[in-house]
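Quick heads-up: it's one chain on its own, the form predicted on its own, in structure tokens.
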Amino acid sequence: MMRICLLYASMSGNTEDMAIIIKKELEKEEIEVVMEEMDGYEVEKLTEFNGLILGSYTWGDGDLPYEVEEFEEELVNVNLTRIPAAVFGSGDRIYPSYCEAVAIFEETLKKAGAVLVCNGLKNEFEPKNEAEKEACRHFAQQFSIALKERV
């Protein structure tokens, strides 16, 4: 069975809500999902998985949340060569740098050698309607397809 790591950072629960939808969809595809909070996670463990999905909210005008800054700094030093990866996040459209954490983590993953296998998913706040929930499910399905093609 394929095994992926889904890490997230969520202050008000919005990104965690997205993570739960993504996890459930991946499990339908018979993928084992280890879902944990990003804060304090040992980046070296990421090499033990077939794939990686990161989720984070964006703080202020385009910043990473303080609780994941250290994780992001350490991530670039892990050899994730050819590991399929994807990023999702929540944010607030009142800021010019909407969901910038998604782009920051995508760049960091590329520097670590991971292969981004689907476009980053951005959502304003929590997935509150069926279209936004479907976007989370579609993101998971796209990741699953890419993961199975690579493994």
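The first residue of the sequence shown is number 1, and the count goes up from there. All values reported here derive from a predicted model rather than from experimental measurement.
Beyond the structure shown, there is the form predicted together with a small molecule, which is absent from this document and is the topic of what follows.
- Residues within 4.5 angstroms of the small molecule in the model of the complex, judged by any non-hydrogen atom, belong to 50 to 58 and to none of the other stretches in 78 to 86, 34 to 42, 105 to 113, 50 to 58.
- This chain is displayed alone, yet in the model of the complex one of 99, 121, 26, 68 has a heavy atom within 4.5 Å of the small molecule; that residue is 99.
- The small molecule in the model of the complex comes within 4.5 Å of a heavy atom belonging to residue 11.
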